[in-house]
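First, one chain by itself in structure tokens, the form predicted on its own.
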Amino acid sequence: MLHVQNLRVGLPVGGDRAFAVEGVSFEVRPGSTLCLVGESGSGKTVTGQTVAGLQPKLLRERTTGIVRLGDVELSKLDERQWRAIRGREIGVVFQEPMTALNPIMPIGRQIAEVFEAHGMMLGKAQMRERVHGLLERVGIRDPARIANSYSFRISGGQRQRVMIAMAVALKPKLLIADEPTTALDVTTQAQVLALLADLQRETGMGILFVTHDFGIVADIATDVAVMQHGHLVEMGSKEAVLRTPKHPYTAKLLEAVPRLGAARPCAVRRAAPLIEVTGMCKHYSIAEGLLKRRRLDALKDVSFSVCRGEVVSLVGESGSGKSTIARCLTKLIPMDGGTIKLNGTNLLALKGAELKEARRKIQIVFQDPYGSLDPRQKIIESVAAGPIAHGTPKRQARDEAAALLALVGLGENVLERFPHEFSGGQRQRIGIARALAVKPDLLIADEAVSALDVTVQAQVLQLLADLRDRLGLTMLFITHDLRVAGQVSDRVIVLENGGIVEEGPAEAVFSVPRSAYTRRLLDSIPGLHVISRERPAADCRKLSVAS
């Protein structure tokens, strides 16, 4: 179905290397799934963009090789011909749904455009039924409300599901999925992967799946292609690559995959709480028609505490309230009930200089690394802005920002670049450096490693561990990856529909879960049947995901 031969995509002069992709060849057969894996910056996304004719114009002029879909030579198409191919023959799911969706157009209208752009002028009732059916099929519980919502009013996981609904609306021959489940919790991830498998069986659709999650590879791949620095270093069947990798780089990637094993109990002494939350409530008024509204309880009487030096993970499905807790703690949104105490002081009563200092002590790494960075600001300026706002001299702030960017794996040659010049994983590292720049007491990591490949994920978690030991940093770790939560956490809090259903030491929660909901989350983890759960337990004081 898809034939790629000797694909080369050149980079502008002054880039990290001469080619983003160099000499890459592969095929995707009807009904098969080829997973492209590799570290951030390895060329996976550029390969997918090139197949769909979506690479930037500057790179398009430097692209050579053969890309053929069936009998059609895609590299020879003009933009008018491409518009007829995309959507109907090739569907694309992008890595960052917030930037791919139109923020001023309701979700349902955007999905309807897919049908209209390809000549399917359905009646109003038919179109509404088709749109709601697609949203239901990708696991959205309230399709009527989501169809009338805007992209900034729904969660990251819901936005990604909307993107998938748009991509598969016309049942294309080839689906290019660039990290399509990165923002999804494990149960929704399992539903989406099952949906893609169902569509594949029905239509014979081929899938080019770009991912850094080897659990997903183990579950869905027919074949695996491993990329490093723009080169294809290993390719073969899923069983061959995962069980007997031939290239040292592939073995290194597999070794860095976090396993959900029996964690050793952590010897964290329970000190006085740094942060205490009591009875936190948050609700929204949701429009249902012209005059009717209903109340949505995002958080219902949530109470917990985090002690100094602890890592507490909040886990749960998309929409369970994890990110809402983070935004209430940082006063980005108002609460509708409850109290927050920071070092025994009522955070909600602070104003002026006291509130500014409290904000310095609580920093957040956001889920969407692109949306949280100023696209007009160089990254050295973004990271230094916080310390400067809190009184650090500009020169000192820039020097410290450069050191932090080096710590998270970004060298001196990138300091003057803008966010759009980085991959998704690299942007997330910039966000982590920015949050750490003001030396906070509490770091809230809202899916901070979800966009990272496994080796960088291991490095970032080790960095956070070192900072905890050195600075006494306390962390509230929000994640949908239960394997990461099981290895980094002292305690785990499980959320469902805005309430806490289980809380306890990570070892107890994941080894002997009391809640049926927790057991369902654990059963949904991808790849456990291929990537063994058995592994020497990591020292959770080190937060290491490497062996």
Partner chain sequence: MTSYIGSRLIKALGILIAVVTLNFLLIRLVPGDPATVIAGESGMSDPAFVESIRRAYGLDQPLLLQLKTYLLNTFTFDFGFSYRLQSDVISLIAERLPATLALTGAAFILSLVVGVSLGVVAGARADGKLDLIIRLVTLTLYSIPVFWIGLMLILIFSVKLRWLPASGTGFEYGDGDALTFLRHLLLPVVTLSLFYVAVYVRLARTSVVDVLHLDFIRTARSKGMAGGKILRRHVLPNAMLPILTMASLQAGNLVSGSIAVETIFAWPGVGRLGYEALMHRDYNMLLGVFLTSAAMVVLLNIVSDILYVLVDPRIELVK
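Numbering follows the first chain given and starts at 1. This one's a predicted model, so the numbers in the text were calculated from it and none came from an experiment.
The same protein also has a form predicted together with the partner chain, omitted here; what follows describes it.
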Does the partner chain come within 4.5 Å of any heavy atom of A349 in the predicted complex? no
In the predicted complex, F422 touching the partner chain (heavy atom, 4.5 Å): no
Indicate whether the partner chain has at least one heavy atom within 4.5 Å of a heavy atom of F214 in the predicted complex. no
Is L54 close to the partner chain in the predicted complex, meaning a heavy atom pair under 4.5 Å apart or at it? yes
Can you pick out, from P334, G344, G472, P103, the residue that has a heavy atom within 4.5 Å of the partner chain in the predicted complex? P103
Proximity to the partner chain in the predicted complex, single hit among R514, R60, R520, R68 (heavy atom within 4.5 Å): R60
Within 4.5 Å of the partner chain in the predicted complex, do we find a heavy atom from each of I146, R295 and T324? no
Mind telling me which stretch in 78 to 86, 308 to 316, 131 to 139, 190 to 198 gets its heavy atoms within 4.5 Å of the partner chain in the predicted complex? 78 to 86
When the partner chain is considered in the predicted complex, the residues of 136 to 160 having a heavy atom within 4.5 Å of it are Y150, F152, R153
